[in-house]
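For reference, the chain that follows is the form predicted alone, supplied as structure tokens.
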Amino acid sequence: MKKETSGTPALQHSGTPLPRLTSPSVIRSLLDSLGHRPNKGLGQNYLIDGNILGIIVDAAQISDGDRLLEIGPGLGALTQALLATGAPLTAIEKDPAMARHINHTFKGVVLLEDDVLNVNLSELFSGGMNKIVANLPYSVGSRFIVNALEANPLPEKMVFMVQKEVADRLTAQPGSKAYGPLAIWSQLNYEVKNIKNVSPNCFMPAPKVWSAVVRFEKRSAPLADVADYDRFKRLVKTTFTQRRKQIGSNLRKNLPEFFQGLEKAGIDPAMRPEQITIEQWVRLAD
């Protein structure tokens, strides 16, 4: 779901102030000029609440020395707000029409016209980029977050607008129904917080689901040191395919090589995957 934001003081391009990009009439006019219509299949919606834009930017806590990455800028309302902070900005946009619009409208943006799932994030972060701020396209949101969590080095901070259901999974704690691989992989290295739930009425057209602004703040040290991340990821992903099955019988059937490690990891074989802490998962994987 691509979402657009604004409500900040207009930047200028070629001496002309940019319009208020949270205005429904402005959004319609821009879309008409680009020959573009929101794609329901991709869940394309545009944010029309400037207050939410401010919440997103404030959550990123942008300061001198930060270098920013934006995903799916679309019409560029969040782009406009991020440029206003003065921080260097790189944006990744897959849609050719939107990419041309961003290049034409905004000075100072380094634009990569590509599918974000194909971009080498480790290379970007190694170059000094340290924060991601994005209204993530819902069609790739979770997959992109997983990719970002596996980058090396990891970004210092990430702020995303995502579906509330995804936000619930990112912030879930052991024992809750939403707790699973996404929470485990996210919270291993980050403190993850739901900053704000966002009503469908804040978008045009209004989606059927609520959204949420979520912040990832990198921990000073991970909750536990993972010796082999691929093994850790395979263990978590495989066992959660049968999340209600006791971990002992789950491992006997699906990953017998890990079964003998339960006692050493301090895990009762009668526990279910959703009850096991991140630290216990790491001990079991190791």
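In this text, residue numbers run from 1 along the sequence as written. Because the structure is predicted, anything quoted here is derived from the model rather than measured.
One more form of this protein exists, namely the form predicted in complex with a small molecule; it is left out here, but the text below deals with it.
Shown without its partner, this chain lists M98, V159, L154, L89 as candidates; in the model of the complex, only M98 has a non-hydrogen atom within 4.5 angstroms of the small molecule. Proximity of V192 to the small molecule in the model of the complex: non-hydrogen atoms within 4.5 Å are absent; the residue sits far from the partner. A residue is said to contact a partner when one of its heavy atoms sits within 4.5 Å of a partner heavy atom; T239 fails this definition for the small molecule in the model of the complex, lying far away. The closest heavy atom approach of N45 to the small molecule in the model of the complex falls within 4.5 Å. Among heavy atoms of A148, none comes within 4.5 Å of the small molecule in the model of the complex. Per the 4.5 Å heavy atom criterion, the small molecule in the model of the complex is contacted by stretch 113-121, the sole one of 175-183, 212-220, 193-201, 113-121.
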